[in-house]
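One chain follows as structure tokens, the form predicted alone.
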């Protein structure tokens, strides 16, 4: 309890820590114990943060591009230099295994460096005029103050995906991190101030989404809301933004399929398939949650997949040998356990039951779970499972696999394995997703756009497409 009292963290507003009236504990998901507390920003504190960011916007957008790029490079260096502090925070507040936490820090640092360079390639256009002595210029200007709302699963890289391009083009940012994982965002804001970002350019308000998050989205002054999270909350944000005709960049749910064709060299990619299924305990949007396997391969694939998944080590996230840490909070754990129960009741056969996995005595743990979906109606596999659960089903051909892959409200990512590249490219346009990996799995690249279709969201992150989301084109008719 003493440690919990000592580590009270206020919001970060105009270069200093500010506290609200109420506090909520930050729980270590591996021990179920409070180790810190964050303040709950009320409407007045949110307004103060937004007003400060809007005020800072007026001067920040006029800072030369080269200077903004240099600051972003400096922030990337600072993030890398604080790898152990940031990683330790994520181990404790997310439950993320140490190796994965360090990888997230490196990813966030690279994103800063990427956008520091990409912003120098931001282009306008010169169009022909209709009159003599006229030029038509199209320039890109910063959209304005950005409200950035992020989830618990990747508290650093998710925020940097929004913060870095926004700062690069001249926007200020008010961030609202998930209440379970706010400490990482608060440390990032301090690092930004330490490398020289002006007061007010990076603000952080903390508190529950239905309270503090809603105050931020309801505020009239932000010009763009960038949100990563559930489709349900995304729809609510979109409705609130519609009332103000305000831009939205929404990266929402996923229910991502993998298709294993009859000619696939599946044994070679099996380790990657297992990792992409269970990484971060299945708590990320473009994990593989459904696998459709050619019927002739099904039994052999299922057997080897289960054996490989069973070797993953469930344990304390601070242990460097741990593969899967706990889920982040009891609400997530309860929801995933209920989904497993529903799938079993609907005909699923449990081949690996993570509920029975050996685990520490405390913590929100759930081991890798593999379900044979041969007898599950496809209608019951439409929704996202945000945990270490995969449904593996046999299919009679590629057409059936594609149809079942698309039978979901989501369309974030898909994975295809087969030697016939012509077939893969033929069906690439049939798969209703924003990203498709063929015969290999790796993290999404910084220079490639990332986002989804259908209820997986609007807009794109990363790449020059993601950078341009934070700008508005302006047409200037110049007569002389």
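Residue numbers count along the first chain shown, from 1. Given the structure is predicted, the values throughout are model-derived calculations rather than measurements.
What comes next is about the form predicted together with a small molecule, which is not displayed.
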Per contact check vs the small molecule in the model of the complex (non-hydrogen atom within 4.5 angstroms), the hit among 228 to 236, 194 to 202, 126 to 134, 139 to 147 is 228 to 236
Contact with the small molecule in the model of the complex, heavy atom within 4.5 Å, among 305, 365, 292, 386 goes to 386
Partner-free chain; cross-checking the small molecule in the model of the complex, the single residue of 153, 87, 276, 408 with a heavy atom within 4.5 Å is 153
Does any part of residue 253 reach within 4.5 Å of the small molecule in the model of the complex? Heavy atoms only, please. yes
Next on the checklist: Is residue 179 near the small molecule? Define near as a heavy atom within 4.5 Å, in the model of the complex.
Outcome noted: yes
### Query
Is there any non-hydrogen atom of residue 382 lying within 4.5 Å of the small molecule in the model of the complex?
no
How about residue 158: is it within 4.5 Å of the small molecule in the model of the complex, going by heavy atoms?
yes
